[in-house]
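Take a look at this one chain, the form predicted alone, written out in structure tokens.
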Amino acid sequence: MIRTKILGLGSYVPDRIVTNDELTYLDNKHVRQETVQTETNDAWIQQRTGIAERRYVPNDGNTATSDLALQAATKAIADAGLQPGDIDCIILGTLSPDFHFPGTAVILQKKLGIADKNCACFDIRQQCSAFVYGMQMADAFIRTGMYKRILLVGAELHSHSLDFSTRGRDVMVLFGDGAGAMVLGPSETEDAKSGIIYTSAHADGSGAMDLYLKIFEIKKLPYVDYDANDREQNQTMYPHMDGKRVFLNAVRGMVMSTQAALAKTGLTWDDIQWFVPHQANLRINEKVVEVAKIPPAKVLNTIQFYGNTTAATVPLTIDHWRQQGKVKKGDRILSSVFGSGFTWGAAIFTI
């Protein structure tokens, strides 16, 4: 039987560490000022989110989301013992594409030096759920024999699109820049507990406007019709969130998908080494662990160090703890995610 195997894993975060204390002094180009720009503090942020610091790219205009993706992808390909030219499909999840079109996956393909290979390139826009959505796609492609070596990437550059002010602090304090990647391929095995064991993906569009970033609305003419320098008009260019509704729905979706994953596979926490939830808010993850009765010792988080890197959080968290020697080859992971849309899902897989 053909099953999907994880062949390689990689991640990347920028060098710049931005602490909660520094965050209060940053302007909209994330340059530190002498006076406070945002009325917040370390205690306020940690109490609500669990985040102590995050990573930002330089503000010189020379780094794009595809550059972060390239770093993570290159590491994952090398970890798989492959060359970029071996990749025959790219699936890239992001809510911060290099530009509106074409998709960022084709830009990554070019930067990998494999544009001449004509490999398929997919951009998916499921935000914080993108990696599990992408894993489900990759698993289906490989099991049917459509592709043999799939590069699955989640990459985000949030720091250039946040409202660095008291008005925007509820969202601004959450996000960081980073990328994570996996290479997946076929494996001939009768072991039902190897590789990708289970995936599920769900959506409820009634929550679409509880967490969103418009930037432009195509129904309008012109579709960008605000003055970016006018504080009364420019809220459109920043993310907006109904935090309470997102929190409640995230806990519900992640608990339900986690419980369903175990029920449908017949696995228990004795069969799972690690639980890797999406890193949106540490308080969400703590509630999911409590309600779903997940053994706390099996939970892996990185939001304390990296903030919410959206599509990148799952592979970034796994690779972070692998580098620390905690996650090892052969470990079985259950991952649960929730994102704007609303979208959510879960996956069980062996590293």
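Nothing here was measured: the structure is a model prediction, and the numbers come from that model. Numbering starts at 1 and follows the sequence shown.
Keep in mind that the form predicted in complex with a small molecule is missing from the display, and what follows is about it.
Student: Considering I91, V183, A72, L174, which brings a non-hydrogen atom within 4.5 Å of the small molecule in the predicted bound form?
Tutor: Of the candidates I91, V183, A72, L174, L174 is the one lying within 4.5 Å of the small molecule in the predicted bound form.
Student: Would you mind picking the one in W274, F247, F141, F164 that has a heavy atom within 4.5 Å of the small molecule in the predicted bound form?
Tutor: Exactly one residue meets the criterion: F247.
Student: Is there a heavy atom of G243 no more than 4.5 Å from a heavy atom of the small molecule in the predicted bound form?
Tutor: Contact check for G243: yes, within 4.5 Å of the small molecule in the predicted bound form.
Student: When the contact criterion is heavy atoms within 4.5 Å, does I284 count as touching the small molecule in the predicted bound form?
Tutor: Yes, I284 is a contact residue.
Student: Does at least one non-hydrogen atom of S66 fall within 4.5 angstroms of the small molecule in the predicted bound form?
Tutor: Taking the distances in the predicted bound form, the answer for S66 is no, it never comes within 4.5 Å of the small molecule.
Student: Quick check on D79: any heavy atom within 4.5 Å of the small molecule in the predicted bound form?
Tutor: Judged by the heavy-atom cut-off of 4.5 Å, D79 is well away from the small molecule in the predicted bound form.
Student: Which of these stretches, 58-66, 44-52, 319-327, 287-295, has heavy atoms within 4.5 Å of the small molecule in the predicted bound form?
Tutor: Selected stretch: 44-52.
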